[in-house]
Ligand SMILES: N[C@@H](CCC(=O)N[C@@H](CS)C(=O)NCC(=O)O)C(=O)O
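Consider the single chain below, provided in structure tokens and representing the form predicted on its own.
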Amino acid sequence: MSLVLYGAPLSPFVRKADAVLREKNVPFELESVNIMPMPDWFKEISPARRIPVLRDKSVGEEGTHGTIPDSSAICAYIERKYPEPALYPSDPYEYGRALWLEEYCDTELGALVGLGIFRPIQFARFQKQEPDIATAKKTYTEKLPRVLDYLEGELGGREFLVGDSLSIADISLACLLAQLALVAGPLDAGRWPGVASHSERMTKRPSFVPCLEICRKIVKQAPIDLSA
């Protein structure tokens, strides 16, 4: 097996690369890395100090040679090396839109879900502290709706974000919404019917199930209703 994905299943960005590899039926090994503290060998191959990092042993087995950090770079590499089934549109405009929506989900949605909701709740639990519900609720009720409203509009009642087939944009969105659901439950389908339906469909795909099963074993507590 030539591909090794370094990271932790609970990371939505590890989940993103994991899902892309599974969508393409590419064999790989997921090697968990405890990043608190981050081991020195991992710092060498992850200059931005983030997960995931992919190693392609057919390129290099030691040091930085053969490694690619960052989930977006990893997914683009996987697409180029294993082009079928395609997860990036062939049409130039749709390709650009897919990259934009991937970036928007990873940064705008990712920051709100990760820093504003998931960490205040789940990281506190890991440290055996009371969850910071006030911070999570403020993010959920005051900051998250703007992003979800935009994504609802981009879906426009369609099954996929770009064109008529699954793309990297859908995978990025689903990975972040799955992260949100772990601590806050499913979205309000009355307010965001398209996004909520998209999330439900995506997380049932065989490419998402293995990683999410591990995550649900890690996050043992029931979701907290932050909309009240």
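This is a predicted model, so every value here is computed, not measured. Start at 1 and count along the sequence shown; that's the residue number.
The same protein has a further form, the form predicted together with this ligand, not shown here; the description that follows concerns it.
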Checklist entry - Contact between residue 35 and this ligand in the model of the complex at 4.5 Å, heavy atoms? => result yes
Next on the checklist: Taking any heavy atom pair closer than or equal to 4.5 Å as contact, tell me whether residue 50 reaches this ligand in the model of the complex.
Outcome noted: yes
Next on the checklist: in the model of the complex, is there a heavy atom of this ligand that lies within 4.5 Å of any heavy atom of residue 11, even though the partner is absent here?
Outcome noted: yes
Checklist entry - Is residue 72 a contact residue for this ligand in the model of the complex, using a 4.5 Å heavy atom cut-off? => result yes
Checklist entry - 42 to 50, 158 to 166, 196 to 204, 182 to 190: which one contacts this ligand in the model of the complex at 4.5 Å, heavy atom to heavy atom? => result 42 to 50
